[in-house]
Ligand SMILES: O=C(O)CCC(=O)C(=O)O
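The chain below stands alone and is given as structure tokens, in the form predicted alone.
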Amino acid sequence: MPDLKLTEQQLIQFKTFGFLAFPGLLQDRIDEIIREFEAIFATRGGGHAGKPHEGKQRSCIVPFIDQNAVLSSLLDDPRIHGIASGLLGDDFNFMPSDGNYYAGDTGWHSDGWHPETLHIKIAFYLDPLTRDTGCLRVIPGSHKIGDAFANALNDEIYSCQEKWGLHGRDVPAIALETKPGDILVFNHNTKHAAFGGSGWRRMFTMNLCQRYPEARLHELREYLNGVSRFWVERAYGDVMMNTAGPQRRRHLEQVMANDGHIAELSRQAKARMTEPARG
């Protein structure tokens, strides 16, 4: 199957609004995707550090799809690969993935604020979600660096109740209601949130970005620092790396060449979390 090719209209929409929706794109794979999602959480005992999810706060595993050959193969799927290549170029980087059980509201936020290198998130929601039950909400145009509207949002949305007299759920936005098998894609800069959802919302993401130029590899290493709080030694899981063919390996190589510092940062993070309290 050839790669999915984004239309010119889709490319313009993503550049203008900061997101794209693909209803039913992976409907033919959703049963195996849900099965393998559940298998990873069962194997890991719940979430980070083996704590079972109780529906009260988010449980998160990083890296996620990397733990499983079936989910790792999503990076090779011509539909996913086509979206990533169309937005980021043929030499894009796959970045650390995350698997989640979400609980309650998330509040408005960006997943970064990248002025030069385009970072995107491909999101897989494994439960039917509406605007009132925790679907993704996005603010179109909020991703644009240097734009007056986007800059104002970046300064004020975190205190929207005080600044605008609006609860987060009442901020004007697009509610992207989804069913399992739908795919959502958005720029990391895009302001997004979810409200009204249960404590057991299943969702995982693939993070991807443009390849970093050699002169800015320090920015890539700084980005990867965040993985250390999950006590891992590499940005990717062994399954992701060991099952990679030539095409996938092209999207792993730059990160694999720049994640050697994570092991020591993870050791330090784990030591801080596990050291006994001093009285």
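Numbering starts at 1 and follows the sequence shown. Predicted, not measured: the structure shown is a model, and the values here were computed from it.
Although it is not shown, the form predicted together with the ligand is what the next lines describe.
**Student:** Whether Cys209 contacts the ligand in the predicted bound form should be assessed with a 4.5 Å heavy atom distance threshold; does it?
**Tutor:** It does not: once the ligand is placed as it appears in the predicted bound form, Cys209 has no heavy atom within 4.5 Å of it.
**Student:** Taking the ligand as it sits in the predicted bound form, is Leu136 near enough to touch it, meaning that at least one heavy atom pair lies within 4.5 angstroms?
**Tutor:** Close contact exists here: in the predicted bound form, Leu136 approaches the ligand to within 4.5 Å, heavy atoms only.
**Student:** Please run the contact check for Leu126 against the ligand in the predicted bound form: heavy atoms, 4.5 angstroms, yes or no?
**Tutor:** Residue-level check for Leu126: no, no contact with the ligand.
**Student:** Answer for His109 alone: is it within 4.5 Å of the ligand in the predicted bound form, judged on heavy atom distances?
**Tutor:** Within the cut-off, so yes.
**Student:** Tell me which stretch of 172-180, 80-88, 155-163, 189-197 has a heavy atom within 4.5 angstroms of the ligand in the predicted bound form.
**Tutor:** Among the candidates, contact is made by 189-197.
**Student:** So which residues in 79-103, when you check the ligand in the predicted bound form, have a heavy atom no farther than 4.5 Å from it?
**Tutor:** Residue within 4.5 Å: Tyr102 only.
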